[in-house]
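Just the one chain here, laid out as structure tokens, in the form predicted alone.
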């Protein structure tokens, strides 16, 4: 099992016991299948054992916006979503996902497992990180131009990856959806940035020269 942020500091044997106590189930999802719909109102927590998912919002006109991308070891649930929006969790690769009810996180079982405290501490840290990520997203989306949105996002990735040669976590179509911008207009701006010598790009690889 990959390192799962929610279970850090808890021995594997105790993780297995806890998941049994939670009545968790592990389900397999094929690429492009829906893991959860009406995500903002779900009572379930998902832990990605293998694979990748995207949290997606569809606007009234069918426009898709990628809210978040998650990989192995990540966790998702109603605690990370807005109940006022219709959100979907979509598997973007073949994925194995552990699902259990959110109530198990906040309500202690009769056994009063000592490692439950560690789980709660881990969840507080996860929520803190998600708050920071949401603030980063707001910073990007409030930029007025496509160029500014791109450069702000590239800067954030550069800081996280600690280098100027960055790797996008998704393809260019998904990047446009993540930044809530038109793909054709985005590609024109990327071309302009390359011609001005500010970046080099090849697929998901971006080299920053500023």
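Numbering follows the first chain given and starts at 1. Because the structure is a prediction, the values reported are computed rather than measured.
The same protein also exists as the form predicted together with the DNA; that form is not shown, yet it is the one meant from here on.
Remark: of stretches 65 to 73, 49 to 57, 156 to 164, 174 to 182, the one touching the DNA in the predicted complex is 174 to 182 (heavy atom within 4.5 Å).
For residue 146, a non-hydrogen atom is located within 4.5 Å of the DNA in the predicted complex, even though that partner is not displayed. Put simply, residue 15 is far from the DNA in the predicted complex: not one heavy atom of it is within 4.5 Å.
At a distance threshold of 4.5 angstroms between non-hydrogen atoms, residue 188 is in contact with the DNA in the predicted complex.
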